[in-house]
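Only one chain is shown below, in structure tokens, and it's the form predicted on its own.
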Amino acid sequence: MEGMKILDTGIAGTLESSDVMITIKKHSGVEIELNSIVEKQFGRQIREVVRQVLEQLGVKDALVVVQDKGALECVLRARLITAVYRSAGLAEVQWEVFA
């Protein structure tokens, strides 16, 4: 996949239990800010998933703010992909690419 460029702020998700809210903004380099109720147990894994998805999408410059309320990994991935697409100005995610 060709690298996606962050043009604006993109947000996906909620702050409900078992969900995650992802905010992505323009930034120099990749920076991940994590606030999670399970950070001690899963913080490293959450950060790794964020890095993997950003790499898969070709995002090289972004500030990613992750506000996790115990979301499953599949939810984290879906929310992050959606936030990236929104921040890149793309209306529809091509989900089949991620299957």
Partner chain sequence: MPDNSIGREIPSEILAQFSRNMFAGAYVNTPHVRQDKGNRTLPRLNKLVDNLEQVIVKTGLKDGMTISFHHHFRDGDKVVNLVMEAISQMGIKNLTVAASSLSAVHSPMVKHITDKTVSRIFTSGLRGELADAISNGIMDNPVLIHSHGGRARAIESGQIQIDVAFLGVPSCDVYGNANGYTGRSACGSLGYAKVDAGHARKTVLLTDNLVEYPNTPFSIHQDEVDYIVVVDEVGNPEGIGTGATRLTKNPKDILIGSLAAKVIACSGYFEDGFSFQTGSGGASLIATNFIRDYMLAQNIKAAWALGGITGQMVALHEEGLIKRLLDVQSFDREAIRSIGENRYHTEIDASYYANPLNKGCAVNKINVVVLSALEIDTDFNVNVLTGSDGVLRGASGGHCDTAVGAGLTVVVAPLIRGRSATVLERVQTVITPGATVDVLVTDRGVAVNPRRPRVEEQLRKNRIPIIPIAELQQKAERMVGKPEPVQYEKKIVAVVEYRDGTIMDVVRQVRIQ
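Positions refer to the first chain, counted from 1. On a predicted model such as this, the values are computed, not experimentally measured, just so you know.
Keep in mind the form predicted in complex with the partner chain is missing from the figure; the text below concerns it.
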| property | result |
| --- | --- |
| 4.5 Å heavy atom contact, Leu54 and the partner chain in the model of the complex | no |
| Partner proximity in the model of the complex: Ile46 to the partner chain, non-hydrogen atom cutoff 4.5 Å | yes |
| Partner contacts for 32-48, taking the partner chain in the model of the complex and a 4.5 Å heavy atom cut-off | Val38, Lys40, Gln41, Phe42, Arg44, Gln45, Ile46 |
